[in-house]
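Presented as structure tokens, the chain that follows is alone, the form predicted alone.
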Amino acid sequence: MNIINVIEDTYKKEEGNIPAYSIGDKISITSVIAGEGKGKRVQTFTGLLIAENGSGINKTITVRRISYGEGVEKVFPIHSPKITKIKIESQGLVRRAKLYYLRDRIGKKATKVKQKKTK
């Protein structure tokens, strides 16, 4: 086995801690960020999963939301120790791997994605 893979496996999160997400899902990511002064605080970012890049320990996801009429995107490394929780709010039904076309949309259309039917 490659020595790099052995080292990376020690830093990867377990499969049970990461839910099965897909592009188009509305997800909430809770992360620890540096607060004012020496303190830390927990922040939740909820938005639409528009892209997934990389593999292994370098895997990242891009989440987009509309905040005060302005589009905001954040890139989160999945295996980062600062990510404490990932929760899937709703599942989307899309036919593309990257939803970059949503960047050109304005208003409510910018976050509209078909939802999967639940039984």
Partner chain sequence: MSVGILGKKMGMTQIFKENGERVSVTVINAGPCTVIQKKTEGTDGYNALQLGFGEKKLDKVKRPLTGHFKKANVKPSKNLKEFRLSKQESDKFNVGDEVKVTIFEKGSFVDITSKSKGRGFTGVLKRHNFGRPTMSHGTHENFRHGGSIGCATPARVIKGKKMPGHYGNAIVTIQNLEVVDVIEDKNLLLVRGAVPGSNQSMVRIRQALKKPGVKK
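Positions refer to the first chain, counted from 1. Owing to the predicted nature of the structure, the values given are computational and were not obtained by experimental measurement.
There is another form of this protein, the form predicted together with the partner chain, and it is not shown here; the text below is about that form.
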item	value
In the predicted complex, the residue from 91, 80, 62, 30 that sits within 4.5 Å of the partner chain by heavy atoms	80
Listed range touching the partner chain, judged in the predicted complex by heavy atoms within 4.5 Å, from 22-30, 65-73, 80-88, 40-48	80-88
Residue 11: touches the partner chain in the predicted complex, heavy atom cutoff 4.5 angstroms	yes
In the predicted complex: members of 31-48 within 4.5 Å of the partner chain, any heavy atom	36
Sense of the change in Cα distance from residue 68 to residue 35 in the predicted complex - at least 3 Å versus the shown form	farther
Direction of C-alpha distance change in the predicted complex, residue 78 to residue 37 (at least 3 Å)	closer
